[in-house]
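One chain is shown next in structure tokens, namely the form predicted alone.
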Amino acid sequence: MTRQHTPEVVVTGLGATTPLGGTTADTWAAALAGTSGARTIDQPWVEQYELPITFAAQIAVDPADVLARPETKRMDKSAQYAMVAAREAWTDSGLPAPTSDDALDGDRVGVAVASGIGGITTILDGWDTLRERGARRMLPMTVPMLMPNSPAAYVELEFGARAGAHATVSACASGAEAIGYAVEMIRSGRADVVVAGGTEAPMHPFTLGAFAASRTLSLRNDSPETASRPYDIDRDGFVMGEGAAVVILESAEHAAARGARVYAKISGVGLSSDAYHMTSPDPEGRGQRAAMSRALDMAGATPADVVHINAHATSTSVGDLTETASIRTLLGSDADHVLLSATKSMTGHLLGGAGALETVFTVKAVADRLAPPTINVDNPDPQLQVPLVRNTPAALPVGDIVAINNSFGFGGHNVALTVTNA
């Protein structure tokens, strides 16, 4: 039997709308500058519901300033964010417009866009409407808006993608898993181009109250900008964030045939699950190590090849140190030359969008040879076992390099992606 060639998967387009900026360029520039996207929430419901958390990393550019009004009326914010990021990524890739004469064959275009909690604000606002005004006043588009696959479906419609539209749901690993799934779509030969990423729009008193009740959010109401402090000995929880990030993935052959600019390759995907606890990682880090190891194996890389890791690093005491211990155990002495970045210190935690945004950051780091900083680490935890990039960017070496993006989620979901230079 003849063995089929497995395509390489390359990144040709990037899109993002985040607490740091409305585009990839603005977001990346703010990250390199060490900017915090966290700020006090200016909404009456903070006081109305006596929320113990009064700040978050809120979206920098309202999608209503970018999308047409009919679009915002029929999409939940999670889909709006995804659409903004997807359109930017598609334009950035140089692919032809879906309505143009040279449009791609939709049967060879796929979508994988995930959300951790989907259209949560649509659900909650719809319930308020039902209780207060009756069923007749509910929006006709309520169901399509609240579906967790709604962002993927709208992106599929936008680009005429018929190879499949998927919405992986794995809590805070959702965006990274969607990108991993997209890689497999191309490697299996099902698609030549996949629009992939993650999105989340959780800014609602219910969501903030629920996470506050779980005691996972920082309580630094008096200093939002310094609240997210991964690896700092005084860290006290993560900062809620929102936004979306999308990458355009192509087979290397498809990209080369059209002369596309290539940022980097997604050369490995590693998936695992802890089977340990609903909200806490396995303290031995077995699942995290397995995901990273599998991602390196698929890439044909060794621990000595790894020069940069964008850590999941939410700013929780248990999670941060479990991850760095896992990295040290897996890489051994090779961890000494790894530059670790914890970008949630600036963006907050985008939940289902986090892994996608941090994939964009990892791709940019490899393409620009620059690891973004971690801010707010005034007193590094003495148990931190990997060199941390603090306050200012750090140069990555020349030549062939490997970077890893880690994403972990409640339920014990672990995703690692390896990014290599083009």
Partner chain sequence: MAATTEEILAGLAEIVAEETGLPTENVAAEKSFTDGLDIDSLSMMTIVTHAEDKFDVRIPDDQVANLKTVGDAVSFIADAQA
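Positions refer to the first chain, counted from 1. Keep in mind it's a predicted model, so treat the numbers as computed, not measured.
The same protein also has a form predicted together with the partner chain, omitted here; what follows describes it.
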Candidate stretches 335 to 343, 194 to 202, 137 to 145, 163 to 171 - the one whose heavy atoms come within 4.5 Å of the partner chain in the model of the complex:
137 to 145
Contact at R187, R190 and R261 by the partner chain in the model of the complex, all three, heavy atom at most 4.5 Å
no
Would you please decide whether R215 lies within 4.5 angstroms of the partner chain in the model of the complex, comparing each non-hydrogen atom pair?
no
I'd like to know whether P382 contacts the partner chain in the model of the complex, with contact meaning heavy atoms within 4.5 angstroms.
no
Consider R133 of the chain shown here, and say whether it contacts the partner chain in the model of the complex, taking contact as heavy atoms within 4.5 Å.
yes
Hey, in the model of the complex, does R74 get a heavy atom within 4.5 angstroms of the partner chain?
yes
